[in-house]
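Just the one chain here, the form predicted on its own, laid out as structure tokens.
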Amino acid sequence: MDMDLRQRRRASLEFLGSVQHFAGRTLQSAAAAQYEAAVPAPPDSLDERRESVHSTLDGSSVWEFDRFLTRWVAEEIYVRALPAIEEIRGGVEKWLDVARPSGTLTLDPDLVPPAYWEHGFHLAPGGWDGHDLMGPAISELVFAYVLTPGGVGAVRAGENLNDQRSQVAGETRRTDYEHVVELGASSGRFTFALRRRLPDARITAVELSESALRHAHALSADKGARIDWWQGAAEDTKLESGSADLVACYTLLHECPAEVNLQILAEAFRLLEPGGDLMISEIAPYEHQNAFRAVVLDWETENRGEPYWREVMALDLHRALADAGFVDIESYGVGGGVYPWVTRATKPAA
């Protein structure tokens, strides 16, 4: 949809994107250089790294302003995006009322969201469905004007988070899958990348948020992309056992408690037919990050609405996958870096 924002609203959001870009690229880079010059041999454990970075950079203006601005933008995006979407509500609601759908939209009127879902991800007021137009507000305004130019979490300033999703979709072990189930699809940024990669596959995209699903369904109609959007929890989809030959998810695991991660892996195993593949894209474990970067990422746990980040980063994913029954487990950074980070595994054929 072409979001016809008033110039004042658009400029306000673009300003946040510029602030986030300045903080992430200029200030954070300067703080990293300060730390690395002061501590050439940093510690390995996360607790020691946190103490090392915070004590070394105590009083550093570039470090403190980077953290302040990152938190301020995270709060301010909703202060600006939600009134902006309200001003064009009529047009958005008309667009969401899809006249010629491509694929299906299945909502569950009896769905009781799991308790962990009520924590207000990314500081969104009221959570991911705290506003009935939260889906298009986040995907069409917050991502477009703030997070794509400014970076967010593991996505550095100047990197394109949509390009990264396409890169990950290109890492499927095969291109002849018949039925793909995506868990935690949100409004479909990764789903549409999978559709481009696997044009002949049936895709079922599972998501808890009704506002995100309605937005994704409308996007499907615009793109002519047949995708079945299904409301449900990733750990309990209610889909048929053994019905998929690929299960995939993109940055879902860190949004759920570690014990729910184990349930998600078990659900993926249940959904897959024998010989089917699982592909997960997540933040690389801290042992693959340098000390400064690990602390910056871990900061999200307490300061940017990511309550489960730290515990999930401590999860031994390979061990959890093996315990769930998967084999041929491998993890690597796409393009040789540490983000996007992909883990692939297979359900045994026998």
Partner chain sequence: MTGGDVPNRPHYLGSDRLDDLARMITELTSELWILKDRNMVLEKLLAEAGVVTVESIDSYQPDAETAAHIAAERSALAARIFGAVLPNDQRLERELGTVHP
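Positions refer to the first chain, counted from 1. Since this is a predicted model, take the numbers as computed values, not measurements.
Another form, the form predicted in complex with its partner chain, is not on view; read the next lines as being about it.
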Exercise for review: Would you mind picking out the stretch of 174 to 182, 244 to 252, 76 to 84, 260 to 268 that comes within 4.5 angstroms of its partner chain in the predicted complex, counting non-hydrogen atoms?
Suggested key: 76 to 84
Study note, to complete from the structure: Picking from Leu315, Ala30, Leu69, Val39, the single residue whose non-hydrogen atoms come within 4.5 angstroms of its partner chain in the predicted complex is Leu69
Practice item. Flag Thr26 as yes or no: does it have a non-hydrogen atom within 4.5 angstroms of any non-hydrogen atom of its partner chain in the predicted complex? Key: no
Practice item. Considering only heavy atoms, tell me if Tyr332 and its partner chain come within 4.5 Å of each other in the predicted complex. Key: no
Review point. Does Ala124 reach its partner chain in the predicted complex if we count a contact as any heavy atom within 4.5 Å?
Key: yes
Exercise for review: Could you confirm whether Arg10 comes within 4.5 Å of its partner chain in the predicted complex, counting heavy atoms only?
Suggested key: yes
Review point. Mind listing which residues of 335 to 349 have a heavy atom within 4.5 Å of its partner chain in the predicted complex?
Key: none
